[in-house]
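This document starts with one chain, in the form predicted on its own, laid out as structure tokens.
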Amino acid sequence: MAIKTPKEIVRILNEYIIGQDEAKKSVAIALYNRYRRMQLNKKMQKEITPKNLLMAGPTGVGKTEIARRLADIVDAPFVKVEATKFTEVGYVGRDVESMVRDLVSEAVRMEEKDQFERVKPQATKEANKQLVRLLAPGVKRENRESQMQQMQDMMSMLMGGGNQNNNDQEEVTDEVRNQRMDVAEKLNKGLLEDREVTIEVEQAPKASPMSDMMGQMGMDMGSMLNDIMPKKKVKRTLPVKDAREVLIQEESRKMVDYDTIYQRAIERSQNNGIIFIDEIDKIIAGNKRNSGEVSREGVQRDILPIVEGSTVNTKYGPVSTDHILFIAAGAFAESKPSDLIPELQGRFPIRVELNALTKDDFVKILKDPQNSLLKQYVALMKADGIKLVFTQEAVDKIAEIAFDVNQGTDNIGARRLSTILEKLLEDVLYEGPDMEMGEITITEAYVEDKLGDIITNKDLTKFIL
């Protein structure tokens, strides 16, 4: 876990998310408390449980973004789930334990990536050796001895002996050896990157309903079958630069220990994992939109043991949820947090209310964050050789329109800016590839010309913005 103090966490969050200072402070403290816990003795570590958070606020104000950025800051496994996707035990649908299995799968991906990075220099070396052999092949020896060797290799694979080295079926003459030295030198200089080469790679295992069902029970039948069945190869013709990446991946898989990866992923999930449960307000009993549907209160009771702390079987091994950080969120427009069942309320002791966005917030969201929408559109137009410029008056007008439309229709927060900018820049994005290099300035007058009629016509606003 990357160590950051609460102030450092808030400072980084401020680079991407405007406002919501109280929420940022609360999540920063909850996250740093994990580091504090890891400094204690084992007995005390076991006693201290995470202080889960419940964030309430309208859609589009930053609830999901805060949780997602939080995970990025500390390089923690993170999954986002919608509470409405789950069904009570006994009904068809996703069971609540799947959120933990998804978290572990994400942790495995992260651990695998870390281990691949560690062995990449050696894997790249082996991949380049393979490319040399493929670009300058030797003479195949088709004789009884090589055929017998192939039979022995097949029997060894079936018995669990793995792939054998078949390079001895290839005769390397002095001419081929010299040719390979020349190819290796050119590869090192990057002169063959666009040349095509045909490689053999293991065929990706196909998913099936049966394997999905077994995965839900914590069993991985696909891995069991892959261990005893010979790997099927498929041929792919790719440029050298792409083929190298494929071969590096294959070589990396041979060099890492997956048992260690799975064990570390489980530990990473248990100690650093973050599960973000969105739309938790939609599973409150008595919600009008849920009348006649599967008991939402039943879903709350199914979620309760996961949040309280239990052991979930996954295909990588059993996972304890005792110290996973849960962040729940909802708009609570037609309900309030106290409408949740009392047991579940007690498992989210930190309550944070996020504020609706003002016009000034919209101005800052458009300009200030590192990944702001205006910066994204400027970068997109730069790809066509066009410099896109927004005047301050235009930015203020866009923010004003977004705020007014949110007040007049459904309030979807900062997401309203995306719909407005797409409509505003529709012609620019369409004409851009055919325009000569130059500069386009978006002024207040242009904004009013493009969006004025839509804003005044409330019927159109509902459908277009």
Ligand SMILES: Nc1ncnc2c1ncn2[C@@H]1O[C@H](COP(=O)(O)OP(=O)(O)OP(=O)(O)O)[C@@H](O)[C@H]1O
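The shown structure was predicted, so the numbers you read here are calculated from the model rather than taken from an experiment. One rule holds for the numbers: they count along the sequence shown, beginning at 1. Heads up, when I say rigid core I mean the largest set of C-alphas that superpose within 1.5 Å between the two forms.
Below, we refer to the form predicted in complex with this ligand, which is not included among the displayed structures.
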*Determine whether any heavy atom of Ile365 comes within 4.5 Å of a heavy atom of this ligand in the model of the complex, and answer yes or no.*
yes
_Check Asn52 for me: does it contact this ligand in the model of the complex (non-hydrogen atoms, 4.5 angstroms)?_
no
*asked:* Residue-level question: is Ala331 within 4.5 Å of this ligand in the model of the complex, judged on heavy atoms?
replied: yes
*Could you confirm whether Ile18 comes within 4.5 Å of this ligand in the model of the complex, counting heavy atoms only?*
yes
*Given that this ligand is left out here, which of Ile420, Val61, Val405, Leu31 has a heavy atom within 4.5 Å of it in the model of the complex?*
Val61
*Quick one: from Leu357, Leu247, Ala107, Val319, grab the residue that has a heavy atom within 4.5 Å of this ligand in the model of the complex.*
Leu357
*Sort through 39 to 47, 395 to 403, 420 to 428, 53 to 61 and report the only stretch with a non-hydrogen atom within 4.5 Å of this ligand in the model of the complex.*
53 to 61
*Even though the chain is shown alone, can you say which residues of 385 to 406 have a heavy atom within 4.5 Å of this ligand in the model of the complex?*
none
_Displaced residue check between this form and the one not shown: Ser418, CA, 2 Å or over, core reference_ = yes
_Core-aligned C-alpha movement of Leu54 between this form and the one not shown reaching 2 Å_ = no
